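Following this are structure 1 and structure 2, which are two forms of one protein chain, each written alone as structure tokens.
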Structure 1
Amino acid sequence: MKNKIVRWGLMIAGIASIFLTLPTNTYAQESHYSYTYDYWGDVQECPDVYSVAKVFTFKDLGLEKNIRGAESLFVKDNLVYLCDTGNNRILVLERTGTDGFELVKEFDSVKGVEPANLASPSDIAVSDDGYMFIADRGNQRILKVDMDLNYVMQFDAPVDSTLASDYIFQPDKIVIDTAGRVYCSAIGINKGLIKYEADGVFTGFIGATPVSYNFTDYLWKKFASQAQRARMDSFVPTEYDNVYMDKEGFVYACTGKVSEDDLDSEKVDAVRKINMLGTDILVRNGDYPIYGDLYWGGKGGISGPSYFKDVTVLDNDVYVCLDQNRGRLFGYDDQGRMVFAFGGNGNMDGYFRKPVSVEHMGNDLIVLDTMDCAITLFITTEFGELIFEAMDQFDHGLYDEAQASWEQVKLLNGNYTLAYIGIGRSLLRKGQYKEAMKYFELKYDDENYSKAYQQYRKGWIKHNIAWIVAVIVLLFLVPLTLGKIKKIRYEIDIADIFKV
């Protein structure tokens, strides 16, 4: 008896071990590098939109000293400015070919001002007329210098009665507009961006995030004593992590310093597009809010929402947000729909440990990782190239070409929502409403569908108006005449003259 059980047990164990060793879970092993979310919020794997051209460390750039604690990148034409914050210097790199960077300049001081040496330069911006604006954080100033590093002027701490008397001005990120105005996000200032006129005069704060609090916190605060209240978090706007000025002069600002609950309930936004009045004009027509990953599971010790550390806007209005939390890049189009998401934490090329800055050169992306002390150059793949081409063609009114490009995209990735909507929008512009409706319905785009349907219905009614009128008239006339006939018959029946 016992023998039999042992034998059976061995057999079951043997079969089980065969099944266990079979590679049944290939799906789980394949970690998707690029993905998008579909209408239902399901992750849809996606062919890569970007691929790594090369990763550059200090040796690749021909430097003697390793990059340390670098915080920011700036791209102007084919030059990349890298703020090597930890080494108090700024590097200027020139793009040579598709996968090459060459060091053209390196400086750690300017001429004609005291102190001349830079201290923790945290950001740099270069204007069209060739002036460099450097956020010299350690020296509490923003410097304006010409290309030969001659001092032109500086922007000092804002003079404002609401700031504490012991406030230390630490400019963090700066952008400049075409008129030479400077917008600066500074550490410890939550009133929005500091705005300076071109002549260096501080003219106020713009674009503070709306203050959010939840009701229970508010109640607690009502009943708390003075001392308790002091220890609680105060309800204040959040600081921006980074800013970017697009080609039209709108400031894109992103922040990761928000609570999960606020982000989840969409009380605060991770990215904002600020106009000159300081109001948020970012278009949010996508199926999901713009905060990167939709699911924040605690895998690999990383929890919480995406931390948007930097944002950059491509020339076709696609903006790319850099998630420091999971080392990912999220692209959104001008309607707020996700174009791509890719990346991850790790040591391989194309993965990051602590990315801090993203910039673009054409459609190529450059990401600075402060812990890897390296910059990664991403170039578009065939798939990505097609997407951007289709967007450009649509923007230029080439609807036939745009449709053809989106069809190509659809061939490469049948799960790609934007391809269907792109084809639909091209068809809509060309007046093929019925076909457009089909594509919109496939991806549940109700607004575009309604637009197409309205036109289709209008055309249909115009075409069939004769029939519609005929049917309505019949519907009224037939019962009327029938009633009349009945009435006449009835009157004949009860008429006296026929009575016998």
Structure 2
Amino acid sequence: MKNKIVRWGLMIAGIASIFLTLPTNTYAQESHYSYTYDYWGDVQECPDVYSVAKVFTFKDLGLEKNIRGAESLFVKDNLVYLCDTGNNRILVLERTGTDGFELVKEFDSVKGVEPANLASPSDIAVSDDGYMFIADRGNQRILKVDMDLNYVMQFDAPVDSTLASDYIFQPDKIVIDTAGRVYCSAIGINKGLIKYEADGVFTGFIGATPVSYNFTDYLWKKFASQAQRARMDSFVPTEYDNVYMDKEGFVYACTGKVSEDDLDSEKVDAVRKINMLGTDILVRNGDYPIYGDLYWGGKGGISGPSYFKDVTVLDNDVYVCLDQNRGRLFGYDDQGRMVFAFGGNGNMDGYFRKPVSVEHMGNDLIVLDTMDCAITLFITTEFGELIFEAMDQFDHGLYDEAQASWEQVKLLNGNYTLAYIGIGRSLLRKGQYKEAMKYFELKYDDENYSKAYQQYRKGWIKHNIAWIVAVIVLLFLVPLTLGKIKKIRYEIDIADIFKV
């Protein structure tokens, strides 16, 4: 009877432990504002890297009319350009202090061109020499104007034989390089980014996403009728949702228009880093693919993977992706490792209803929510400042200082993977290979562990080469000497026998 009670008790305890353990990771993702993932894919609570400085509505910005259907932000120095698409206007805001913005300019038309009024402006970019490039989507053009809103030139629909004859040019997002070249993503074009030279000449498409298809579907299309093929999905590249050009002239492009299966199988990428040849050069050395949340549950009526609607790149090469699906921000370092994840859907400060654009000013983040008609300013916390300080110190060759900063990060969050890897990398650069190996081993960083081990092995051989040579020589000489002695003894014994 006693054994039976014990067995039932163990069974109940086991079932209870399952129910208590399984939801932990799922709920941590929902109940904690900031988090990361460890090597095993478990959600790890994380101190906030960013905190909300303030949420700005149209009244806070001194506007008489509410923002409507806004689609894009652009930051230049201490100015924020906001495309108020639904109101056919562009707002220019100036940063005042650590947590303030004030309106300095508002315009809905330009001078010297017809039509003069903007129609659904969807994006804006400002060059270093002070020219504004406006994606005037409703007027099917990209405008270049000076700071006094005088017309300079425009970029029209690309002339390409692969486009349908009735194609309507709708420029959506734009970036410009230091030479004045324009790169544009347009609605209905999935061939990559439209490239214009500085003189407005269309020179082709670059950076098209790889085509992903299932071989079974491909085979079926070969034998299907024309009507059946028309009902099937086409094997074509994916349109980009947004683009951003970093300080080195590389274009970061993101898209959420990808299937769950393609993301899960890593056939496509939610974010890409495109060079001038159109090649994706984004480094992906993290433990997991760069597509936001690892778990795609259906809580709160939200399902499916993260939808990367926009991306921005800090000066330290940390790029931040905006997930419109769950209202979150995901930061990754230049190696593709997750730095932070935070946010969510809701009406509280720091949460969003339909975020559409993210920009940065220094290390601070600015997020535009088109449904709330507001922008949220995020500033770094002490924890975030330490992380970015450690990264900057390492990039500038200050390895002792970087190690000390990462040690402070580790004190604030003992589970933070990048702290261990950061300390290991600092030790590696300082030549303390054995110590570095310990930190890489703790976080299962095979690549850096191999680098440290390789250097440690070289150093060990260099310092012990004399002993190694001596041992090798002895291994050869001792058997030879013993064999020679045995041979001499044998010859002596034979000689003695013949004498007798």
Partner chain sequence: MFKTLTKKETYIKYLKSLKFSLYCMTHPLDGFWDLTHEKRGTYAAANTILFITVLVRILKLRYTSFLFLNVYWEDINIFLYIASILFPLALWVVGNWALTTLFDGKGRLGQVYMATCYGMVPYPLIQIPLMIASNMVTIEEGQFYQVLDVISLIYCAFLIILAMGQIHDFSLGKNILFTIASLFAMLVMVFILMIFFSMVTQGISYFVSIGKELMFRM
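Rigid core (definition): largest C-alpha set, two forms, superposition within 1.5 Å. Computed from a predicted model, the values in this text were never measured in an experiment. Here, a residue number simply tells you its place in the sequence of structure 1, counted from 1.
For the form predicted in complex with the partner chain, the corresponding chain is the one labelled structure 1. The rigid parts compared between structures 1 and 2 meet at a hinge, and of 279, 87, 449, 350 the residue found there is 449. Domain motion between structures 1 and 2: the smaller of two rigid parts turns 11° against the larger, based on C-alpha superpositions. When the rigid core is fitted, residue 484 shows a C-alpha shift of 8.3 Å between structures 1 and 2.
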